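Just the one chain here, laid out as structure tokens, in the form predicted on its own.
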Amino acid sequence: MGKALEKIRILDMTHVQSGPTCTQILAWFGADVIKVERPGVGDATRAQLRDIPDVDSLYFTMLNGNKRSVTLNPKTEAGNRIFARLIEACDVMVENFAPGAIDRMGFPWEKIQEINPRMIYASVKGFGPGPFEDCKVYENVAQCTGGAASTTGEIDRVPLVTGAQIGDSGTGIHLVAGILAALLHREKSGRGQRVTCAMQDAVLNLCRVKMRDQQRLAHGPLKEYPQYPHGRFGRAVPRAGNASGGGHPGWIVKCKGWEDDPDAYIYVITQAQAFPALARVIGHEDWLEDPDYNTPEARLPRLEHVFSEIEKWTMTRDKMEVMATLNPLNVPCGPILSMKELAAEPSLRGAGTVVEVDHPERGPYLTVGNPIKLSDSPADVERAPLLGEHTEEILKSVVGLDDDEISAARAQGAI
């Protein structure tokens, strides 16, 4: 079967994480992604957090698979001409530079449209229009300004950011959706368009249930939060520890071995439909006849005791035994899986979610495969390119330069 984005060419002007996340997904879908990097330097992440001296870091390799690398300095005369030719030859340009960087290279949106009216120009920004639109943003800044940190953390403790990269990778995935929509629209209109995605906006989109709760708070306390009924609610959605934040209360409880294993825990949700089976299995069939426990509303002020009793039972079994017992009873639950456990999980290897890739300099390494599965367009995960590995190939086959022109460009420092 053909790849979903076969014959689509991406001009990848991205670096670090948010942009490369986007372009790697497009590459997995089969697009020809040409990653443009600074001659002699490359993407900054090639050298960041290295575990092997003088070898591209895992930070880089895990975000840039399935791409081709060309080195180019658009600020040189030859480099500027080459860059214009690449714009002409590509369908989509993606960038996540600081505001105005592409404009300062001499390629504002108006000029890009003149060169290639079908070009889709996609950008990751920190903020949308407003007082902060010219500010730089990093992962944790996005989490803080998008609402995630204010609603994450233990009750009455400091705000916390999550280990999941919802600012960087989350925005990159949002940008993929915009690019695909623009490509589909181009089929009807014949013209490209600007696509922008602000990191603050993407994080806020992922926090939409907290915006829901902010509006509910105006009409009374949020009864599913642990602060109810004895705690205090302020004017904004509070931090709620590991509460589920939904209509069915949930919490993380200890399992056997928790004293020595920091991940010996499981998340259990006391879904109303499954509560009778849960009560019976933990030895509390008496709750089913007790008006203090036999309805969801009655249990709300007693959730701390409910989860304490659940935990007494889970502490007698390891997390996988708990999962094996509760899952057939339709009790929603999930063990806390460490990165070590996920890396070794056979089912994730089989599904192509965790993939081992061979690299000419570092040898085999694990990476995360495409999380989006298409039935007729499987995603093959390939290694990340070495710096400038495909420069001459791209300049000849895409830009149309001959050997003399390539030599002249190299003499200028353009490549």
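Just so you know, these numbers come straight off a predicted model, no measurement behind them. For every residue, the number given is its place in the sequence shown, counted from 1.
In what follows, reference is made to the form predicted together with a small molecule, a form of this protein that is not presented.
- The listed set Ile82, Val124, Ile120, Val268 contains one residue whose heavy atoms approach the small molecule in the model of the complex to within 4.5 Å, identified as Val124.
- In terms of contact with the small molecule in the model of the complex, the residue from Thr314, Thr151, Asn73, Gln200 that brings a heavy atom within 4.5 Å is Asn73.
- Using a 4.5 Å cutoff between non-hydrogen atoms, Ala101 counts as a contact of the small molecule in the model of the complex.
- Although the partner is absent here, Ala379 sits far enough away that none of its heavy atoms falls within 4.5 Å of the small molecule in the model of the complex.
- When the small molecule is considered in the model of the complex, Lys136 lines it closely, a heavy atom lying within 4.5 Å.
- The closest heavy atom approach of Asn96 to the small molecule in the model of the complex falls within 4.5 Å.
- The stretch among 301-309, 254-262, 108-116, 136-144 whose residues place heavy atoms within 4.5 Å of the small molecule in the model of the complex is 136-144.
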